[in-house]
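Shown below, as structure tokens, is a lone chain in the form predicted alone; questions about how it binds or moves come after it.
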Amino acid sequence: MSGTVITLGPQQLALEEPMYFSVEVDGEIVVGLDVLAGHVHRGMEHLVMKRNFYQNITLLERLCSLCSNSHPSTFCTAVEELAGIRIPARAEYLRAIADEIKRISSHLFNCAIIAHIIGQGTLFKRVMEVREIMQDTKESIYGNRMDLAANCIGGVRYDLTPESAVYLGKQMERIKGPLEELYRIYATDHAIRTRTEGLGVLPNRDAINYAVVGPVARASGIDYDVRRKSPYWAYDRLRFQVAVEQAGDVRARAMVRLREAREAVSLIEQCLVDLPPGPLCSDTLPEIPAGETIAKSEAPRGELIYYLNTDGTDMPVRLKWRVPSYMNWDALQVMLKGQRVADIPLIVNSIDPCISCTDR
């Protein structure tokens, strides 16, 4: 970099996790950017090779809080693929339910932070209040507000009783109205549109060149969702619309998340209607053979990929994950160029970065 360089972060960017930037500026306008990763590096890829497959389910759930269910479920899918395990039909639906519950909570949290950054304190509280419906749901069904501990190799560790299924259905009905309210506010409120429209634009061509994923990609007109393109679990039997916007700005990314939250409610309701009877997991687990495989899922932030290499023992030789934020970080060079320094926190938050699972 040349010219005036300032550092931002790692603790003062109004985000839920620390990010660290070296920013080249011309006055108050950003002209260059370096993302300095590694601030919360925990050596997770080394730790997973010191634990067996079953211990890693617990460890991987602690990679990230907002998408904590996506990591162990995708890891279990990789192990099952390698071992030739077919999980029961009921478990496929229950995994989808857990993932969609986490998706709603994650998207609402990001939209709440957007409101906080632009000074809409009342809206921030309202979004977090709506999110509490999902937090209460998680605590009631799984016993925990963040880490669900729902997955095991060969299926799931929890079930929905008739009573809990009725409760979950009522919670979905309860959240529909507030989600519509929030969608309308973010879509039409003049103050929000003024602060988010045309800000941090990622054009479609740049989105393709930088290979961004998830809501960031779909907000720039890329119609890609793993649940649709490469269905897993019960998603090939469920109906949903992929939320796509064209503007590629902060507002478009927020709108995609709110639309996806509404679709997630529909997916959960479909799962409750179609939930088949039967076991929750495989009766017996075969030996995990030597080999390698890849599994992927649509985490709240986008495409999550797990690579697993084994040697026939109960411990992985190599386990590596490519998280959505890793793909989306680099595109900040496009989103931030020409923007004001004061808008950096808002634009960065709009990609919903997960620092813990990216630094790993």
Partner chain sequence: METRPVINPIPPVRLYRINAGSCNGCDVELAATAAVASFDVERLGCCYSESPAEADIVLITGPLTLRVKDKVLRLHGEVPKPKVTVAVGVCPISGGVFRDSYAVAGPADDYLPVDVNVPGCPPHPRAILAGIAKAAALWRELSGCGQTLPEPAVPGSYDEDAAAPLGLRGKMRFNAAACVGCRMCEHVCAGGAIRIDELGPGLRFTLWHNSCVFCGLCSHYCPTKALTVTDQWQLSHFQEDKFSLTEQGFIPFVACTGCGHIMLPATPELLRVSYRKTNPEIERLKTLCPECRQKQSLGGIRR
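From a predicted model like this one, the values you see are computed outputs, not experimental measurements. Positions refer to the first chain, counted from 1.
Another form, the form predicted in complex with its partner chain, is not on view; read the next lines as being about it.
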The listed residue (R205, R157, R193, R184) that reaches within 4.5 Å of its partner chain in the predicted bound form by any heavy atom is R157
None of S266, S164, N144, Q246 but one has a heavy atom within 4.5 Å of its partner chain in the predicted bound form; the exception is N144
Testing 238-246, 174-182, 136-144, 270-278 against its partner chain in the predicted bound form with a 4.5 Å heavy atom criterion leaves exactly one stretch, namely 136-144
- Message: Considering non-hydrogen atoms and a 4.5 Å limit, does its partner chain approach K125 in the predicted bound form?
- Response: yes
Task: Contact of C152 with its partner chain in the predicted bound form (heavy atom, 4.5 Å) - done: yes
If we define contact as a non-hydrogen atom of the residue within 4.5 angstroms of the partner, is D26 a contact of its partner chain in the predicted bound form? no
*asked:* With the partner left out here, check for me: in the predicted bound form, does some heavy atom of V31 sit within 4.5 Å of its partner chain?
replied: no
Within 98-114, the residues having any heavy atom within 4.5 Å of its partner chain in the predicted bound form are F109
